[in-house]
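Only one chain comes next, encoded as structure tokens, the form predicted on its own.
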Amino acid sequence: MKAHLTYFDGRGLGESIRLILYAVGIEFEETYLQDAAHVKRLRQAGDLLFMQVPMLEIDGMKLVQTNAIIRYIARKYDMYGKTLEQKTRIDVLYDGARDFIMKFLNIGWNKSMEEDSKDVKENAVPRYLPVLEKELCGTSSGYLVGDDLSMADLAVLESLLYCDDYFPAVLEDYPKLKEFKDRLSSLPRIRAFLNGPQRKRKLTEEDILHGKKVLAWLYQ
């Protein structure tokens, strides 16, 4: 049985789950939240622990909490390091990259898209990119931790893809990160995701309005 992702038809928190599912070769279907009645049915069925999405149905479980979902997949498919030290380092880098990603996901939700983008470029980009560039300079494997692709690599890749979306020339100042992004993007499964129908478009004002409706349905 295929995995099944329930979320709205946009990137948001669901995009990280879509990316890792592709990276490990898990086929999945999607259900998009369309109206308050749909959300109400899920809540009444007890499917939405903490009343949150995304929800991933996989291996007989209905999982919520984005980071928990990603860690479950990473553990199962050997994307979480070999030793306790590696696992901890992956956690550190993953969580840092997630913080960076969230800066992009919040664009258009706080102020205007233009104002929020400007804030990310002036404050988040110079905070995170030099750190990540330095991390890559310290590894000879081409991956952030150890010799294999990890969930930390995918989180950093996602953050760099957002950089490309919003600030196309910014990675020219970070050659290690640019090479890393290009190399991981060319991996067959990841390339299939980036060029396929299940990757969502860059966030628009229309997407934000719909996202706010979904949140209202979840918490009403």
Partner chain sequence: MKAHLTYFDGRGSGESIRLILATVGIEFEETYLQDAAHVNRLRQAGDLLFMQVPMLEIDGMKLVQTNAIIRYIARKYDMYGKTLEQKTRIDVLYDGARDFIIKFLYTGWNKGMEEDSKSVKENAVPRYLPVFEKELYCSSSDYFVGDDLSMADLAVLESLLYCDEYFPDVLEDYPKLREFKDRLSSLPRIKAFLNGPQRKGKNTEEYIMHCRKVWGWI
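Numbering follows the first chain given and starts at 1. Predicted model only: the values in this text are computed from it and were never measured.
What comes next is about the form predicted together with the partner chain, which does not appear here.
Trainee: Using a 4.5 angstroms cut-off on non-hydrogen atoms, would T88 count as touching the partner chain in the model of the complex?
Mentor: Yes, T88 sits close enough to the partner chain in the model of the complex that at least one of its heavy atoms falls within 4.5 Å.
Trainee: So in the model of the complex, does any heavy atom of E135 sit within 4.5 Å of the partner chain?
Mentor: Judged by the heavy-atom cut-off of 4.5 Å, E135 is in contact with the partner chain in the model of the complex.
Trainee: Would M51 show up as a contact with the partner chain in the model of the complex if we use heavy atoms at 4.5 Å?
Mentor: Yes, M51 sits close enough to the partner chain in the model of the complex that at least one of its heavy atoms falls within 4.5 Å.
Trainee: Flag V92 as yes or no: does it have a non-hydrogen atom within 4.5 angstroms of any non-hydrogen atom of the partner chain in the model of the complex?
Mentor: Within the cut-off, so yes.
Trainee: So if I measure heavy atom distances to the partner chain in the model of the complex, which of the stretches 51-59, 32-40, 177-185, 191-199 falls within 4.5 Å?
Mentor: Comparing against the partner chain in the model of the complex, the contact stretch is 51-59.
Trainee: Quick one: Q65, G96 and Y128 and the partner chain in the model of the complex, is every residue within 4.5 Å by at least one heavy atom?
Mentor: Contact check passed for all of Q65, G96 and Y128.
Trainee: Using a 4.5 Å cut on heavy atoms, which of K111, K82, K76, K118 is close to the partner chain in the model of the complex?
Mentor: That would be K76.
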